[in-house]
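Here we start with a single chain on its own, the form predicted alone, put down as structure tokens.
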Amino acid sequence: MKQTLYPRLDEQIYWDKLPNGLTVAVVPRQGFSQKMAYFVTGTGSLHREFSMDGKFYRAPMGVAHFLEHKLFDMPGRDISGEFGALGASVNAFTGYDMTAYYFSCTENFSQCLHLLLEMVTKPYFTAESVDKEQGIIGQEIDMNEDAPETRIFEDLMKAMYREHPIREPILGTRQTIGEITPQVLYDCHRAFYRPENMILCVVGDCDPEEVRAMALEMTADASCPQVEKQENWEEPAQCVSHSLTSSMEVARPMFQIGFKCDPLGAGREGIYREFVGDLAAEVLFGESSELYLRLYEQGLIDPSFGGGLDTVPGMAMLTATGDSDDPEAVRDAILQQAEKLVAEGIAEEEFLRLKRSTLGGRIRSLDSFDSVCFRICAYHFSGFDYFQFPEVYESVKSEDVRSFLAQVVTSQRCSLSVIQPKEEEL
């Protein structure tokens, strides 16, 4: 495996791309008892339309999440129980653009890694088990619909986006998951879980060559079809609607504000634009910003307030969320503060302080094995070596942040999602 050193971070990674296309990354942490492994596919809920070996497929909404659940099923076995017996904790998640399976352990690492690779690469679906899972996920969908945090975000996506599939819930709906069959799952597994679309990342005190050898052994027979994912969606800069309000059982009005950005792209240039957006959020409404302190003193926001830049293929958005008795006033204050920063510029001393602070936060996050695995995998699919982030972050210029605010934080690109408390019935 190829060793890459990062002296500034005192880190190193062993990389290899196997003959079947699977990327393997190992971050050695000598002397630590904890070990963590992430096995990730670069496909999430967005990727329902694709061509495989020249044939077009359109999968039902929610299929990526459904598939995540079903890969824990193996005939006559309790996979979670097997991990538990080995002293490991195992879990998985489905996002908009990736699906991850991961475990953490302090012993029996080789057995745990073998089990993780086995469960993800050897699917087993039956009509009976799919029917049962439809009921389980249906209950999860019902619970999500009753969760204010989920509702407010999904409402915002519907208000902001006309075509991009981020407006569709990751879990799908009861109707769409009812369209999922074993054949649909087998087709999607073959398309999404092919080695060239996956990465195995391990952090801990382990032998990189042993990790590579096991990955090669367990994926040697994997199917490698020709697949093209749909990731280009025509999306206007303007939002569908500038506000959307609903009511639920909440104690105080909840809000989420979104500002629609142009897609960032991939590679180092795309990551630079992402970091520009991150710093724009800090400058505009971060916890130490002038606006945050003023809104807090006025009682318009509380410690629940926060935000940042979110990005997936084909879209990006600057968001702020929290509780407030006057969400519209918070939105208007953000727009006014952005205009002020664009007109007057950003004080260089303050900008450098924020850069040091946010860069320090990213460096401190490397203490978390989970954070390291997640970020290496996520940025791998964006075509970027994550451990190069300090150089990119430090190269961000205040003028680029100012330009970002001028383009993005405008009333035309803004939507506001609000959940009001339900009125008591008399």
Partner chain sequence: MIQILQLQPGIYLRGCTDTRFKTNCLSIQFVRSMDRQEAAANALMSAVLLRGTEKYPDIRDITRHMDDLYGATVGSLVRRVGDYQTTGVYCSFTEDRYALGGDRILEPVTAFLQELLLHPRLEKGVFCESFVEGEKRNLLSAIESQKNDKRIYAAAQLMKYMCAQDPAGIPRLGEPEQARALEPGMLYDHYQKVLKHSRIDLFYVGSRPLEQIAQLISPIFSQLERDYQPLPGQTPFRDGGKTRNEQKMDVTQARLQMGFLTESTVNTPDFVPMQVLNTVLGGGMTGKLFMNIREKQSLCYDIGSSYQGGKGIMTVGAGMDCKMVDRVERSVMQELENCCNGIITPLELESAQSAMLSSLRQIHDTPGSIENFYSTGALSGMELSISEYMHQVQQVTVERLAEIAAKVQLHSVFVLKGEQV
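Residue numbers count along the first chain shown, from 1. Everything numeric in this text was worked out from a predicted model, so none of it was measured.
One more form of this protein exists, namely the form predicted together with its partner chain; it is left out here, but the text below deals with it.
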item: Candidate stretches 154 to 162, 110 to 118, 177 to 185, 75 to 83 - the one whose heavy atoms come within 4.5 Å of its partner chain in the model of the complex; value: 75 to 83
item: 4.5 Å heavy atom contact, residue 61 to its partner chain in the model of the complex; value: no
item: Contact test in the model of the complex: residue 267 vs its partner chain, heavy atoms, 4.5 Å; value: no
item: Residue 230, heavy atom within 4.5 angstroms of its partner chain in the model of the complex; value: no
item: Distance check, residue 363 to its partner chain in the model of the complex, heavy atom within 4.5 Å; value: yes
item: Three-residue site 31, 104 and 354 fully in contact with its partner chain in the model of the complex at 4.5 Å by heavy atom; value: yes
item: The unique member of 225, 306, 345, 87 whose heavy atoms fall within 4.5 Å of its partner chain in the model of the complex; value: 87
item: Answer option from 145, 217, 210, 326, heavy atom within 4.5 Å of its partner chain in the model of the complex; value: 145
item: Heavy atom contacts to its partner chain in the model of the complex at 4.5 Å, residues of 1 to 22 in sequence order; value: 8, 9, 10, 11
